[in-house]
Each structure stands twice: as structure tokens, then as C-alpha cells.
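Next comes just one chain, in C-alpha cells: the form predicted alone.
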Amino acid sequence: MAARRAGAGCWQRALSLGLGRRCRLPRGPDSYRSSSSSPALGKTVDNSQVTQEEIVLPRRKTWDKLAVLQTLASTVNRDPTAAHYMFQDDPFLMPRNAANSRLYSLSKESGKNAAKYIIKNFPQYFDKTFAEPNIPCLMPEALTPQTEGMSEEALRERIHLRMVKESVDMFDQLLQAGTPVSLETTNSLLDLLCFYGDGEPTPEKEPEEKEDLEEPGVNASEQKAPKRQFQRGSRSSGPRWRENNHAERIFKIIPERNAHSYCTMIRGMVKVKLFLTAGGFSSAFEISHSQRLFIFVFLQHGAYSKAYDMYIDLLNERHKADVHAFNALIRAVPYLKERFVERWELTKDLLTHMAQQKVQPTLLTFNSVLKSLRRCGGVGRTMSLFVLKEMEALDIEPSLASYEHLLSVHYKGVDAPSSDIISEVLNEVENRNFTAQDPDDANFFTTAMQVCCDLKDIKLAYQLNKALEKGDNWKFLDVDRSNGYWSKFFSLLCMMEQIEVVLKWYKEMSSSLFYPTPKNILDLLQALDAANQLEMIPSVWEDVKQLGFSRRQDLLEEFLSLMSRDQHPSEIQLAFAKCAEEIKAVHEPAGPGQVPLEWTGSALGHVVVLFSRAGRTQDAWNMMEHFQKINRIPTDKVMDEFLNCAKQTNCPDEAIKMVKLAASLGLPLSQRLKSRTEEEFELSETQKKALESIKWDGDSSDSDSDSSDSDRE
């Protein structure tokens, strides 16, 4: 009991000390007891020499929910031999190259969408909850309307559940029944229609069209901008804006429209491209590709013109547009005006209207301006810097999308770009941890790396890579963008760095950060050639087989050309011959349904040379016989190398076959090959007779001419 009371007293004293910010340890003579004769110290401790110490209790820190996981993650480095974590659930789905990586990632996402579709359409089969504890955000959403009957409340519920068709049908039924619908509910329905078009929302992520935002290299600001090219897939991807669709119909019958109604229609027309209704013209009469292109461009520009006309109607009704409507109109400027100067003037007018209507611009406003300047040629390069200064004056910090638009304005289509702009951009970016604020933020790193490659500046590429590794900036690169970024970076390394650095990066990046493309392999081979380290080619060939590029004709030609160009030590030649044998197997039928590659004369010659230098005379002769099958003629180097191999392996019969082949092809080299065979080989009488019996094309022609002369006599 005494011990318990003593313990309780200690806790009470500790709690009383914890109430204040600062506390002092007691230093009085009665506060503690010190041993005057300690056997451990062996000397007397003087209490007067002990200085007072002060303990500062820290403030209570609130930790993030993921703090422990983030701390544990910081202790683990990236495994350079492992693929992306999304592929590690099933070893069978470990991709071999970029194409497999894209296919498998899309397949996995498609499976998730299929599961969402099943849950959405058959919720009655998922009414039981087995999770403990239950996590609501991970459970299927209740997508079945709870409000029955025909009322405005039921309409609002269907709009909230994003049921486009049912919402439109109920709205029409309410109007037919004479039930008024409030302006707020009607605007919510317009929001739904302008976001999804007339179609139902689908879980599948439609591939976004990459707009051709860059103009060709033109410095004349008054030159007309060319039209966009027609894209066949543009009608089937993304939401569609039909002529006289439900949104336009409902907007026209609204008795009193407010600013929200107009702004919603403006944003919908700019976001969704007007398209030619499927079967509208082609079913009535045939139209040519040029006519279809004209109709598409006319309708596409008509959508943006409608949005601008809607803005004029808004002003006439004495309403004010919101910042989102202005952003949409600024993005539509390149489609409203033809000349570069006219585009910039219209952009300035819209910004002036924002100031007059006291609409505060946001980051997305200035990003929209910079995006429009990408289609303004030399005017855009001049005005883009003023836009950044205006952002600085308004204390708006640029995002990655701002810098990406700036780089595109100054480096796309420019003949002799300078590195000043990108240097300043990277100085601003490399020490910042960005968060996503604009959909175009994800394009910055790939665009900047392309600029570094165009400038051939490896220092800028390293600086950009440092910015990518800062904080969570790496999250801006998805699987496709990551492959493009690292592929460009590796090509620049092969061009500008020492081979040791290139191989180090290749080992760390390959199959973990990106999958090398055939161009990357060609760049690596050129780097090995420049550094005179061709002995690394067999290991690169193993990677090529793993990547699935062993049937690429351009790669095979490059491999064979580098391996057969110079003479190497015997060990390296044996490794080269093994690679040549595997390349030879690629040109042969391996199974049903697989078409073998066709031999070229240069590839045949390289394989013969590699087999000859490795002492594989019979394999080399088998390849020599292919020349006649494909009607090709071997070079002098190929025949000399084969003869040298026959001499080293003491195979005079193969040498005589070579002479016969050269004679049958009528090569001028055949006489010299015969002389070398007679001088360098110990021939038997039978072999000498076989060599002498070879008929040359010149001899046969001479005999023919002699016989014809005797006939005339």
C-alpha cells in the first residue's frame, strides 16, 4: 500500500508539472539524496557543483493519418529489378515492353470498370456487408432512386444520381403535367447535360484527344493560322454535343434565365465539340474526304461561335459571367479568330470584361490565356512573358501547366531556340513540391524533357530529373507519360554522356522506370560503338529478346553490322556467333502461323562473317547457300572471311564449293579465290581435278564464240 501511495504521489507531481509550459527539476538539499561515498564513482559528489537544468515540454503535434506509412516508405528504396507495383499482383501479367505495360494497365482498369458496372446495375446482389469495420467509401453506392412518383424532389434526386435520360424524361413529364420546375433545379439539369452531353455517364475513361495546339514555325504575326486536321476518332471519343440537343431545347424554354444558365451553356459548348451526327449525311449521299473535313471544321468552329454568341446574349440581358465561363471563352479564342493578332486582341477584350464585371481571375484563367497563346505564333512568344508578370503582380503562383504552356510557346516550331527560358523555369521548379491544380499539369515533365532533348543539354535534363524527384512530383507521371519521359531522357544520355554513366542509368531504369523502345536500343548500340565497348552487345541482345524486339528488322541489321564490322578476341567472337545463331533462328519458321523474316543480302553476309570468325565452317557454308535461294550476291569480304575460316579449320572441300559458287555467280573474284585455294590448301588429286573442272562464265562464252566462228568458216 505504501508503494502504491508513493507511486500515486509521483504521478500527481508529474501531472502538476505537465500543466505548465516549463518546469524545473528540484535542486534543494531535501529533493534528492546523493551518496557521499559511492563505490562506483569512488569519490565524493559535491551538491553545490550540480547546475540547474531546465526541461521544455513540446507542444502536442497532430500527425497525419498516413504518417506511419510514409515514414516506413521512406526507409525503402526503389527496386530497380521490379516492375510497377500495379503489375505485381499476378506474375503472369508482368509486362515485357511498353506496349504490354499499356495493355495490361488498361486491362486492369477495364476490369475495375466492369466491376463498377456490375455493382451499379445489379445492386440487389450486393446488399450484405461482411467488412469489419465497415468502410462506407469502399462499399457500393446506392444508385437506385428512393423518391417515387413524379415531382421536383424526384427530379433533383435523379440529377444527383447523374441519371441523364431519366432526368430529361421526368423534366418533360413535369412540364406536360403543368408542374412548374424551379430555376435552381433547371440549372442543375443544365449542368448535368452540359457535362455529359446527351449520353449516360460511363465508367470507362475515354482516351482524350491530344489537340494540335502548336502552330508551325512562323514568325509573321499576321499570317493566318492553318486549320486543324480532321481526326477520324474524334466523333467516337468523349462527350458529344448534338445540334438542337436537350440542353439547347431546355435552355430555350426556361422562362427566366439567370447568369448561371448562360454560363453553363457557354462552358458546355466549349467543353464538348459539335460533331456531325452519325449517318446524317453519309446515309443520304456520298461525300468526299475533303467535304467531310470542311463540314467537320465548320461545325467544330460553329460550337465555339455559339458559345461566344451566348456570351453576347448574356451581356445583353445585363448578366455577369463567372470566372469559369471566361476561362472557357478564352480557351475558345483560337477557334474564333483567324489571325494571330486578332486572337490576342479578343483575349485582351475578355480580360477587360472580367475587370469591368469585377470577376477575379484565377490560376486557370491565366493558364487558359497561355494555352491560347500556343496558337498565336510570334505574338504568343512576345505576350506570354507579360502574362507571367501579370500573375506575379496579382500574387498568383504559376502551376506546372503554366510552365508547360510557356515552354510550348517558346520551343515548339522554333528554328533556333535558346535555353534561357527553360533554365529560368527549372530554377523555379526544381525546389518546389507541386500539387495538381490544372489538368495540363501532368504534361509538364514530358514537354520539358523533349525541350532538353531538342537543345541537347544534359545538364538541364539532370536539373529536370531533380525536380521530378522532389516530394510527390513523380505522381504527375502515369505509366504512359513515365515511359515517354524516361525514354527521352535515356536517348539524351546515350547522346551526351560517358558510356559508364549510360550503362549505370540503363541498369537502374530498365523495366522498373520505363521499358526501352527500339529507338532506345539503337541509341544504346550507337553509344557502345562510340565508346568502343562492343563486347557489351550480347547482354543488350538478351534484353532485346526479353523486350520482344527480336523480330525488328532494323535492330537485327544494326546488331549484325556492329558485330561483324571488326575482328575481336576469340571469346567475344564466340559470343557474337551465338547471337548470330539466334538471329538466324528468327528468320526460320518456328511454328504454325508464324511468318519467318525475310533474309536480306547484308544480314546474310554478316551472319556468314560471324560464323566464319568463330570457326563454324559448316554453319557458315549453310548460310552461303542462302545467297542463291534469295538471288543475292555475297560481297568480297564475305567470301574472303569464309575462305580464311576454311583454311583455319582445314576444310578444302568447303573452299572448293566456295570457288564453284563464285564461278556460278560470275564474280570477278572467282579466279583469285581459285588461286588462293591452290596455294593455301593441300589438295588431293581428286580435289585438284574438281577445282580444275570448274567452268568459268568467261571460258564458256569464249568457247561459244569459237564454235560460232568455226561454223561460219
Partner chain sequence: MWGLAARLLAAARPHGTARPHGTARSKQKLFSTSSVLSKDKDKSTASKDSPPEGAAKKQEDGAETPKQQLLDIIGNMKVEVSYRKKLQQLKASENKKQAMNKVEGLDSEGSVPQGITEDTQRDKPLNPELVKAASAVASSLPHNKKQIESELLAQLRRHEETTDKQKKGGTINIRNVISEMTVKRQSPAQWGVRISGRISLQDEDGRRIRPERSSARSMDSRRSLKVGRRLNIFTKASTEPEHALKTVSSPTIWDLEFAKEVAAVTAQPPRNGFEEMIQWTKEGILWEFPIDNEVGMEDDAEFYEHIFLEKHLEGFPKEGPIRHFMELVICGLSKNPYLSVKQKVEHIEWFQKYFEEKKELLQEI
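Numbering follows the first chain given and starts at 1. We call the rigid core whatever largest set of C-alpha positions still superposes within 1.5 Å between the two forms. Treat the numbers as computed from the prediction; the structure is a model and nothing was measured.
Unshown form predicted together with its partner chain; subsequent notes refer to it.
The contact residue chosen from 177, 72, 312, 595 relative to its partner chain in the model of the complex is 72, the criterion being a non-hydrogen atom within 4.5 angstroms. With the partner omitted here, the residue from 120, 504, 348, 551 that has a non-hydrogen atom within 4.5 angstroms of its partner chain in the model of the complex is 348. Exactly one of the stretches 64-72, 641-649, 679-687, 654-662 approaches its partner chain in the model of the complex with heavy atoms within 4.5 Å, and it is 64-72.
Within this chain, residue 268 lines the site of its partner chain in the model of the complex, having a heavy atom no more than 4.5 Å away.
Residue contact check for residue 153: none of its heavy atoms lie within 4.5 Å of its partner chain in the model of the complex. Interface residue remark: residue 428 is counted as part of the site for its partner chain in the model of the complex, having a heavy atom within 4.5 Å. In the model of the complex, its partner chain stays beyond 4.5 Å of every heavy atom belonging to residue 145. The putative spot formed by 354, 359 and 477 is fully lined by its partner chain in the model of the complex; each residue has a non-hydrogen atom within 4.5 angstroms of it. Contacts to its partner chain in the model of the complex (heavy atom within 4.5 Å) from stretch 497-533: 526, 529, 530. A displacement of less than 2 angstroms separates the C-alpha positions of residue 520 between this form and the one not shown, with the rigid core held in common.
Positional change of residue 101 between this form and the one not shown reaches 2 Å or more at the C-alpha, relative to the superposed core.
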